[in-house]
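Encoded as structure tokens, the following chain is the form predicted alone, with no partner shown.
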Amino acid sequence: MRQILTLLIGLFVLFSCKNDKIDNIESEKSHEKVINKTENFGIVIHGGAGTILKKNMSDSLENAFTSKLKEAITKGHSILENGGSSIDAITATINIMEDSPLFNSGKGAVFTHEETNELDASIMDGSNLNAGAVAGVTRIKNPINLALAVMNDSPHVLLSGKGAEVFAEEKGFDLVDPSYFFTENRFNSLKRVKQREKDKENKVSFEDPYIKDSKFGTVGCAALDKNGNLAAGTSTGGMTNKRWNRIGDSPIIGAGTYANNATCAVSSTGWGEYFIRGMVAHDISAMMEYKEISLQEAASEVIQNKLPALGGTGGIVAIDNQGNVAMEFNTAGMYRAHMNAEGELIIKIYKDE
């Protein structure tokens, strides 16, 4: 009897030690997951795509673009590095580009046919698929901020024109005079496009290289934060010489912007009508989810094959839930930058870089 009792006690101690060891291993594995998760973050931005050729770029202008891209992405990266949300990082990053006359967004917005500036923006939270957007606003200094307010403080997703500005006033936004958006460079671009129209006796060909490139310059950002949440945002002045309150893809969720924690976050730039028809941003996410392919594979298929098959040109920047990045475009160039969790910075402009 004593021997049996001793045996049972020994077995109990043995199994207890084994269970403790298993618990310790599981705890270590769990800890490793947390560490990996918190170290895994990143951010990627674009400042528009189009016929951007080095031979047409002065050293000073190239340096100006590079410097502003660095300033913008560094701001967003510091927010992520300090534990901030992907939404906060995107908003702060896009604000810097919206405040620069270099990009077709905010201060540097292009002119409509009526010589006004109409701005669009959207933002999406990949953790809950919530989104907000504004279109055709003329007095909002930073449209991405108003898109964020639509997402957080309204029951809607997309507001436009005067209604969006009434909402902005109710939410305490300071409206700027439309003259704030005037830049000589953008106004001269409008005059050149109008002259092209006149020369062609108003028979506008959208295959004209100059008119084709009048739609590029949108800014956008996609980010993954330390909590594993994805977000994307896009802001634009639209298309030079646009008429009839034309709205492109930038404020359209699924076309210009999309984010889903299950897959990726995407911001688009290019010929908006085709990005809408192809629902480009969502299509990349859907291909990842349904075909179980990588972000790069999905982005390449959509931008290099599916979009051109429709007749569209442009590009995207995107980041997946593992921190992998895609900066894909089918034009001669795209202003773009990326920073990972290690702080490595990549800034590129031209295609063959």
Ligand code: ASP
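Note that residue numbering begins at 1 and tracks the sequence as displayed. Computed from a predicted model, the values in this text were never measured in an experiment.
The same protein also has a form predicted in complex with this ligand, omitted here; what follows describes it.
- At least one heavy atom of Ser250 is located within 4.5 Å of this ligand in the predicted bound form.
- Residue contact check for Pro143: none of its heavy atoms lie within 4.5 Å of this ligand in the predicted bound form.
- Although the partner is absent here, Trp271 sits close enough that one of its heavy atoms falls within 4.5 Å of this ligand in the predicted bound form.
- Taking the partner from elsewhere, His282 is found to have every heavy atom lying beyond 4.5 Å of this ligand in the predicted bound form.
- In plain terms, the part of the chain that comes close to this ligand in the predicted bound form, with a heavy atom within 4.5 Å, is 232-240 out of 184-192, 93-101, 69-77, 232-240.
- Proximity to this ligand in the predicted bound form, taken as a non-hydrogen atom within 4.5 angstroms, holds for one residue of Lys107, Arg139, Arg246, Lys226, which is Arg246.
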